[in-house]
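This document opens with one chain alone, in structure tokens, the form predicted on its own.
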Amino acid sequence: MTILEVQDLQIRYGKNVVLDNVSFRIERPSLVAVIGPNGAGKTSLLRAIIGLVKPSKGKVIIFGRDSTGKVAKDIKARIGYVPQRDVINYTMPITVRDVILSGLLEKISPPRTVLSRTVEDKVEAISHELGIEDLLDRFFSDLSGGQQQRVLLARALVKDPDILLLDEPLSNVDEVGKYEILRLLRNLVTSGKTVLLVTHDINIAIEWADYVLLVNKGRVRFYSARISEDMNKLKLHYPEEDRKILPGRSPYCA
């Protein structure tokens, strides 16, 4: 069964068309890097997949079911999502533990009810995996940017999703932290998960992804598992001022 298929997707905000005629398919567990300049429509694409934006036309099919504009509860439970930093209130007076718990529970409101040992175990396990177990009782607002990103990733992963949608999750994360998170994402793919990772870092896309999806001016310019063969096309459709220096060595995904 196809994991995710986007067919002729168009998204409008008023008269402004931000995505048009977007189509691609993911048929096996993969790490898909979604790249492109600012304003290309990458965030809108993720929001359409998870059902936060209703397309003007086209379809989103998840696990063989039409999920266009409205994702069924059982399908949504299989999707983890980390939005961009600018849509999150980083001053909220909530502990790291409760932020992660909110990925499992519909609502967190003090005083919190007693949670099952299974739920607590899930929080502690994912916290350990991301190296944030010592932060669980600290306030989220007191953390560094990189620590906050790890917490939000833990929140998305705690329910063990089959698809993970990540919108610039490596911003404000140091190089060591980026490597650790990317290694975790590769392990997730090995275990049967699918990851869509929005990034501006071309090196990450080339070295870590199974597929690279280039979006520019609202359209998919290419979708490739062999980025080395499409390098000239990438340079043509991805302006140099919006990308980092391309490496000369053989890419991971070739």
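Being a predicted model, the structure only gives us computed values, none of them experimental. In this text, residue numbers run from 1 along the sequence as written.
Same protein, other form: the form predicted in complex with a small molecule, not shown, and the subject of what follows.
Visitor: With the partner left out of view, is residue 43 within 4.5 angstroms of the small molecule in the predicted complex by any non-hydrogen atom?
Guide: Residue-level check for residue 43: yes, a contact with the small molecule.
Visitor: Closest heavy atom of residue 37 to the small molecule in the predicted complex, within 4.5 Å or not?
Guide: Residue 37: contacts the small molecule in the predicted complex.
Visitor: With the partner left out here, check for me: in the predicted complex, does some heavy atom of residue 102 sit within 4.5 Å of the small molecule?
Guide: Answer no; every heavy atom of residue 102 is more than 4.5 Å from the small molecule in the predicted complex.
Visitor: In the predicted complex, does residue 84 come within 4.5 Å of the small molecule, counting heavy atoms only?
Guide: The answer is yes: residue 84 has a heavy atom within 4.5 Å of the small molecule.
Visitor: Counting only non-hydrogen atoms, which stretch in 23 to 31, 203 to 211, 43 to 51, 56 to 64 is within 4.5 Å of the small molecule in the predicted complex?
Guide: Comparing against the small molecule in the predicted complex, the contact stretch is 43 to 51.
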